[in-house]
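Quick setup: one chain, the form predicted on its own, written in C-alpha cells, and binding and motion questions come after.
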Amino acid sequence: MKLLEHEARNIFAEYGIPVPEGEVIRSPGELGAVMEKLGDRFVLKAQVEVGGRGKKGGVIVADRSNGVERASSLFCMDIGGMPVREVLAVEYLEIQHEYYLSISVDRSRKCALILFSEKGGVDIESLARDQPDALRRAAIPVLLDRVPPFMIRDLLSGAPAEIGDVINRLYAVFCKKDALLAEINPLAITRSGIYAADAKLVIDDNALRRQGIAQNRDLTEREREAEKHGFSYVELKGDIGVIGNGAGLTMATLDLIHYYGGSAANFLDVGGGADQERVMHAVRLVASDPSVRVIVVNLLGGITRCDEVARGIIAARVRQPIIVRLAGTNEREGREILGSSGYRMLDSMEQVVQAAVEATR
C-alpha cells in the first residue's frame, strides 16, 4: 500500500531523516496559521496517491500574498481521478544540489536493492533507460542491520559523506516498516543541511496488520469484496470477465484472451474446492464491473465439483452472458444442470475464449 507523502515523511523524521518544516491542511482556511511557521515562500503539495503530481499541477510554490488562493485551487483539483482532500504545506528550500535515493525489493536476487544517483528530481525510469551509468546500485541481504561502509563508499563515490547516514536511516525504515519501496527524490542539499524534499513509502500488503494499518487504501471496492471471500482478484481494463480455479489456469485464460484479440476485465482465481455459494459470489463480483460484457468460467474439477460450480453460476443470476468450460469431477452432472438452464458450454479453453472474444465484437 502506498502511503501519502505526509505519512511517509513523518516516518522518515521518526527515524532521524531530516525533512523540511511542514504541516498538513484540510481546507484553505487552515493555511493562515501554518504560514507563520513557513516563512515568506513555501510549497503546497497535493496529497494524492498518484505519481508525477508536479507534472499534473499538484505541486506549486506560493507566498503569503497568494497562498490561500493557490491552496484553494489545489483543493478544487482532481489528479489522476483522485480528488485533493489534503495539502502538505512545507517550507521552500534553496536547493544547491538534488540527489536520488531509493531502496526496493530485488525479487530476482532476493535482497534489497539500493539505488543512488547524483541526478535527483527526475523520472528515474527514463534516467535508468537513457543514462544507466548515472545510477549506482548496491544489493544488500536484509539480514544485515546496517549498510556496510564499503557499499556506501561505492554508492556515494564523491558525493557528500553525510548522505551515508541518510542511506542507513532509510534502510532502517525499509526493514522495520516492511517496505517494498522507500524513496527520497529529491534528496536536497541546502546551505543549512540535507533534507528529504519528498518522501515515498510503499508497504507490503501482507504486512499491513503488523504495521497497524487497518485497511489497504490501494484496493478498489471490488478488490475489497474479493478479499472478504478469499479470492485472488485483480482488476484489469478489458471487457471479458474471467473466473478460473488455480493461478496457472486463470493466467492461461488471460493469455488466450489476449492471443485471440480480446481484453480481460479481471483475474479471479476462485480457489480449489469452491462450492455453490463461493462460485455464486465470484460470478456476482465479476458481473458487478460495468465494463464486463461477457464472462468466461474455465474450471477443472479436481476437489472442485462441477455440479457445485454449475449451481453457483445459475444462482448468481447476472445479466451478462456466461460461457463455460467445465472438466473433471461430476462434469456430466454440471453440464446437464447448465444445459437445462440454457447456458452455453464448450469443450475446450480455446473454444470458450474465442466465443467470448467474438461476443464482444
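Sequential numbering from 1, following the sequence displayed. Values in this document were obtained by computation on a predicted structure and should not be read as measured data.
As for the form predicted in complex with ligand GDP, it is not shown, yet the points below apply to it.
45 is the sole member of 311, 305, 45, 325 with a non-hydrogen atom within 4.5 Å of ligand GDP in the predicted complex.
Proximity to ligand GDP in the predicted complex, taken as a non-hydrogen atom within 4.5 angstroms, holds for one residue of 75, 260, 267, 92, which is 92. For residue 238, no non-hydrogen atom is located within 4.5 Å of ligand GDP in the predicted complex, even though that partner is not displayed. Interface residue remark: residue 59 is counted as part of the site for ligand GDP in the predicted complex, having a heavy atom within 4.5 Å.
In the predicted complex, ligand GDP sits within 4.5 Å of a heavy atom of residue 98.
Residue contact check for residue 52: one or more of its heavy atoms lie within 4.5 Å of ligand GDP in the predicted complex. Of the candidate stretches 165-173, 84-92, 132-140, 218-226, only 84-92 contains residues with a heavy atom within 4.5 Å of ligand GDP in the predicted complex. Contacts between 196-228 and ligand GDP, taken as any heavy atom within 4.5 Å in the predicted complex, involve 197, 198.
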